[in-house]
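Coming up is one lone chain in structure tokens, specifically the form predicted alone.
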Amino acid sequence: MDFFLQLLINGLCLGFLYGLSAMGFVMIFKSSSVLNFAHGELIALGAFLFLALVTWAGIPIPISFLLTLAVCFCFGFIVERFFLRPLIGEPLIFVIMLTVGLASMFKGLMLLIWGGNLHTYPDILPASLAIQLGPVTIPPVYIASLVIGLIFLSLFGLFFKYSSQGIYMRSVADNQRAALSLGVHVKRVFALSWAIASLVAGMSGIVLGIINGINVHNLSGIGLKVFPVVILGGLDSIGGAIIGGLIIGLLESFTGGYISTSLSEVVPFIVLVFILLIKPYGLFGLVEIERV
């Protein structure tokens, strides 16, 4: 029973992190219908930038964390402005293939600078953050990931509900043409979607780096796990991304604990295949009916 509870807690914390990462992916898809294949590389960029600020520059950890998020936010703007915006109006496959090219370019740059070895952060979380629930121990990094995730989730909820830009983003996600006819600056919404998605990816990369260490290939591979998460929850559902992330995290944790750690890496993609066969729009996705 103790082992079960430990796996449950690990799966929930990891799944919540997957859900937050997928939330940025969903935001880009909802606003521009683009599948971002460079999402994993954005996660890795955030992790390595934080590593550079903490170890190379010697900047205090809280300031490094905020600086990393700020740089990731600005980087999302740059990617949208210089790479994505020139392709507005072109066939969607061109934009998707561009994100594939960006993924390779970012990954190559990170391998050039940091190499393919495993890097680790210094001990940045105090041991006192750990929580003991009877025989089950919740490590500090999981406590930190839950707290950070809940803070960001609350901030995004308030942003989308009450801020003008958040309302504009929701309107563009619902109907781009109608939003454009009402005077919404759609290009600005696209840019903001990429900026927020990059920020969320960077934050996820930092926490994942604390949990597992930083490796270009591993963190880039996390981006592929976003697809089972968003397909399971629904490509156009931000809430579904969180639920999908929790389900995938739990499946990974229990499969790795009771069956095989190797199989746990495959489980998300097995789920992806079955969801596409049984319910292709996901648990919370909207079914689209097209008339010819």
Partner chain sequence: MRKLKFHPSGNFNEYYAQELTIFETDFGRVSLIVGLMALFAIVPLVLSPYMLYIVNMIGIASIAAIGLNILIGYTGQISLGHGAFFGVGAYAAAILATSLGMPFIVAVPAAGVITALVGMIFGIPSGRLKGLYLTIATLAGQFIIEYVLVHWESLTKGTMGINLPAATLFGLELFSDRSFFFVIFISLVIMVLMAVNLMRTKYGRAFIAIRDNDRAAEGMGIPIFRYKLLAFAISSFYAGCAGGLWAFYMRSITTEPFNLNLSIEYIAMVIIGGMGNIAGSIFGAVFITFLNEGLRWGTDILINLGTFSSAALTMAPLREFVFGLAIVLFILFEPRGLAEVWRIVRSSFRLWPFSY
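Numbering follows the first chain given and starts at 1. Nothing here was measured: the structure is a model prediction, and the numbers come from that model.
Heads up, the form predicted together with the partner chain isn't pictured, but that's what we're talking about next.
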Among the candidate residues Val147, Val100, Leu118, Ile211, which is the single one with a non-hydrogen atom no more than 4.5 Å from the partner chain in the model of the complex? Val100
Can you pick the one in Leu69, Ile242, Leu35, Val54 that has a heavy atom within 4.5 Å of the partner chain in the model of the complex? Leu35
So in the model of the complex, is the partner chain close enough to Leu155 to count as touching (4.5 Å, heavy atoms)? no
Using the partner position in the model of the complex, report whether Leu250 sits within 4.5 Å of the partner chain, counting heavy atoms only. no
Would Phe73 show up as a contact with the partner chain in the model of the complex if we use heavy atoms at 4.5 Å? no
Within a 4.5 Å heavy atom cut-off, is Ile61 in contact with the partner chain in the model of the complex? no
Can all three of Phe82, Lys107 and Leu276 be found with a heavy atom no more than 4.5 Å from the partner chain in the model of the complex? yes
Counting any heavy atom within 4.5 Å as contact, can you tell me which stretch out of 42 to 50, 61 to 69, 242 to 250, 229 to 237 lines the partner chain in the model of the complex? 229 to 237
Are there residues in 60 to 92 with a heavy atom within 4.5 Å of the partner chain in the model of the complex, and which are they, in order? Phe82, Phe83, Pro86, Leu87, Leu92
